[in-house]
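Presented below, as structure tokens, is a lone chain in the form predicted on its own.
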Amino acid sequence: MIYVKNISINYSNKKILNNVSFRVIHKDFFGIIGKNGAGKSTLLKILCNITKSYFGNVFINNRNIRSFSNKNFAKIISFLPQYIDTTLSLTTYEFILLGRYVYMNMFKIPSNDDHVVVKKVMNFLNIADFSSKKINVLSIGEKQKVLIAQVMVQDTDIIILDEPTSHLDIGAQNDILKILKYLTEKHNKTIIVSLHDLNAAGEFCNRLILIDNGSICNYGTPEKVLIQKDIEKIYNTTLIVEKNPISNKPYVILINKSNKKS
């Protein structure tokens, strides 16, 4: 579905991404991991056709993304960036309805279909009860579900999210990732997500890329990517990688050397 071919980009004479290539297949739950400044957000903005001043090419179903109009592209990929202004004086319902903007007529008047989609998604995410609440009074976890709802109502085959679980407690984080996993398994969506939590990435994603200094270090299943020596080197820390006894997925355990038994 998506083919990223030899992507490179520089900012102020600094190389942010260097000859990055990979494929994302239909219904992938595809994770991008790496430390701060590795180039994850830049890569996602390129995939979303936001950043255009790069070398290389990105193809969706064999079509270069540079050839899409903004409106047509917005019907294929929806994007949740790290930061969205949720201080706006909008109700939750009004905010989510903005995700239907691309389908509205020239006067940008919502149709009955737009309202049906919004209500369906809100019910699915169990957030219909606060549809009339202002978004700026919601909890962090509630806001994140609302942001997920806004990209869901855009009704694209591909959903890209930049660190959607940041600042969430472990329960809210698990809720968000289970929703995204459900969308791949039951609604045939392709999910591309950047994550800081390596254990969440290993548990939920079926394929990963590990980026360091703008280059891909490892690419494949979590078992192939979450390799102890590589993670230790890139994150400059001491750890071990074990198997989760329930899911058999790789699990990263940090080690405090000062607590090691003699």
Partner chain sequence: MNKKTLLIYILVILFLIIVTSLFSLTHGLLEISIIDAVKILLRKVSYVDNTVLVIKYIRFPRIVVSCIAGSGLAASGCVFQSILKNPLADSFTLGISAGSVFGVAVALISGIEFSSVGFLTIPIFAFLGAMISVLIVYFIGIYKDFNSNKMILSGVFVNYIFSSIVILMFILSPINNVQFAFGWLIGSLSQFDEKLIPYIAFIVLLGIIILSLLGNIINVLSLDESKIKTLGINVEKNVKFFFIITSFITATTVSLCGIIGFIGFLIPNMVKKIVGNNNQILIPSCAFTGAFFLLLSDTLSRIIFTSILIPVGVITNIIGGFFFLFLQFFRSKKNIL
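Positions refer to the first chain, counted from 1. This structure is a prediction, so every number in the text was calculated from the model and none was measured.
This next part talks about the form predicted in complex with the partner chain, which is not shown.
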| said: If contact means a heavy atom within 4.5 Å, which one of 213 to 221, 58 to 66, 26 to 34, 43 to 51 is the stretch that engages the partner chain in the predicted bound form? | reply: 43 to 51
| query | Which one of 183, 90, 125, 172 is close to the partner chain in the predicted bound form, taking close to mean a heavy atom within 4.5 Å? | reply | 90
| task | May I ask you to state whether residue 163 is within 4.5 Å of the partner chain in the predicted bound form, using heavy atom distances? | result | no
| query | Given that the partner is absent here, does residue 102 sit within 4.5 Å of the partner chain in the predicted bound form, heavy atoms only? | reply | yes
| request: State yes or no: in the predicted bound form, is some non-hydrogen atom of residue 151 no more than 4.5 angstroms from a non-hydrogen atom of the partner chain? | output: yes
| request: Answer with yes or no whether residue 134 is in contact with the partner chain in the predicted bound form, where contact means some heavy atom within 4.5 Å. | output: yes
| query | Hey, which residues along 53 to 83 are within 4.5 angstroms of the partner chain in the predicted bound form, non-hydrogen atoms only? | reply | 70, 71, 74, 77, 79, 81, 83
